[in-house]
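Presented as structure tokens, the chain that follows is alone, the form predicted alone.
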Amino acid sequence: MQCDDLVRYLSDYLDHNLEESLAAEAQAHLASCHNCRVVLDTTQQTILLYRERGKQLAMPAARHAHLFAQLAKALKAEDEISE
């Protein structure tokens, strides 16, 4: 699994909705990729903060897609540097 794959599956990974084989690949990748662990930890912390505040803030779908595309691009560039 590569960084961009992890980003694509991150929501399902956090919700425990991945097939066993994909979840195992994600865990193996997270064990060896500091950047993806940071993304995972940051996402989990954001979810916790969101739940604690009890407010629902809607993000437009286009903005959400743009942010994830930027994140995937940054992770891919970082991965290419580390190779």
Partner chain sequence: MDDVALLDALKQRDSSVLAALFTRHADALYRLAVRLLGDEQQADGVVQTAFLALLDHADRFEGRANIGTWLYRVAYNECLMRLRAAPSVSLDDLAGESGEFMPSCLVDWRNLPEEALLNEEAHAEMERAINSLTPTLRAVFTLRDVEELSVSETAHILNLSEAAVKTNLHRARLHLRERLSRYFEGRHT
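Positions refer to the first chain, counted from 1. Predicted model, so just to flag it, every value in this text is computed and none were measured. So that the term is clear: the rigid core is the largest set of C-alpha atoms that superpose within 1.5 Å between two forms.
Although it is not shown, the form predicted in complex with its partner chain is what the next lines describe.
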Wondering, does Leu30 line up within 4.5 Å of its partner chain in the predicted bound form on heavy atoms? no
Should Ala26 be counted as a contact of its partner chain in the predicted bound form, where contact means heavy atoms within 4.5 Å? no
So in the predicted bound form, does any heavy atom of Asp15 sit within 4.5 Å of its partner chain? yes
When the contact criterion is heavy atoms within 4.5 Å, does Leu71 count as touching its partner chain in the predicted bound form? yes
Using a 4.5 Å heavy atom cutoff, which residues in 29-47 contact its partner chain in the predicted bound form? It's fine if the answer is none. Asn35, Val38, Val39, Asp41, Thr42, Thr43, Gln45, Thr46, Ile47
Threshold 2 Å Cα movement between this form and the one not shown at Ala69, rigid core reference: yes
